[in-house]
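Consider the single chain below, provided in structure tokens and representing the form predicted alone.
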């Protein structure tokens, strides 16, 4: 049976960029222009999960993303690897959203899309690492959810999910429709073939503003936040070195042991 899937993708600054290039200015994270945007790595794992189901059972994949000023060549990667449609919630009003506002807007867009069996999300985003949006979507839409999936198969109206747990993995079944968040153990996203890249270049994404999904600008982005960022800062890491001496190696070792006890490290 063909499976209708929605994959939530997020455009983020390249997480492989050196940490030193990211700075905090006026309580906001900034980065230089040479740090290019990419689809988040966990969202790529989610996209690969959907593609594997499409390979096995057929179906349709709709990529869904929220933000502003999308780089089309970046976000269209979801189409180039095998996605069928791309829906962008793109507007200045969507900027500076928190997990709640993001989940709510995505849920309203999913309602408008209408037909779906599985909603895939990454286990967390590659920028804030909150890991809340997928479960937020499930709560708002009143759907069952399975987190940390490393393998997903569909049969008889159910999803069979291998879920990563602290001491291994377990297999669970969930009735469809459902939300599934995907972790890195599933494996990397496949490369886009030239045919797919050319096809993606010809496709135009569907663009929705807040009003298109039944929301006011006051309900999305910074205006729709339900938490307050008190302070964003980069921690200062300091290191100290103390030389422990002695007339002989044995005496130096004994002095080191005494110093470690004083510091309550032994």
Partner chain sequence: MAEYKGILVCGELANGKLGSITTELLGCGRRLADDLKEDLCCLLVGEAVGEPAKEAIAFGADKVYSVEDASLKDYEADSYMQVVEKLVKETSPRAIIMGQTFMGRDLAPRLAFRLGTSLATDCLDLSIDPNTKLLVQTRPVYGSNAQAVFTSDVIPQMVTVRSKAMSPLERDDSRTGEVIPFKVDIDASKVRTKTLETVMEEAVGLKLEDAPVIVAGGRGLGGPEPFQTTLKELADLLHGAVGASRPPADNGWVPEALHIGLTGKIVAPDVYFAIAISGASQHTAGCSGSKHIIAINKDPEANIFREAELGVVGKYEDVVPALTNKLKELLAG
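Numbering follows the first chain given and starts at 1. Definition used throughout: the rigid core is the maximal C-alpha set that superposes within 1.5 Å between two forms. Please read all numbers here as calculations on a predicted model, not as lab measurements.
A second form of this protein, the form predicted together with the partner chain, is not displayed here; the remarks below concern that form.
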Q: Tell me the stretch among 196-204, 27-35, 216-224, 59-67 that has any heavy atom within 4.5 angstroms of the partner chain in the predicted complex.
A: 27-35
Q. Only one of 145, 74, 113, 192 has a non-hydrogen atom within 4.5 angstroms of the partner chain in the predicted complex; which is it?
A. 145
Q | the partner chain contact at residue 87 in the predicted complex, heavy atom, 4.5 Å | A | no
Q.
When the contact criterion is heavy atoms within 4.5 Å, does residue 82 count as touching the partner chain in the predicted complex?
A. no
Q) How about residue 129: is it within 4.5 Å of the partner chain in the predicted complex, going by heavy atoms? A) yes
Q) Do residue 1 and the partner chain come within 4.5 Å of each other in the predicted complex, heavy atoms counted? A) no
Q. Relative to the partner chain in the predicted complex, which residues of 206-238 have a heavy atom no more than 4.5 Å away?
A. 225, 226, 227, 228, 229, 230, 231, 232, 233, 234, 235, 237
Q: Using a superposition on the rigid core, decide whether the Cα position of residue 246 changes by 2 angstroms or more between this form and the one not shown.
A: yes
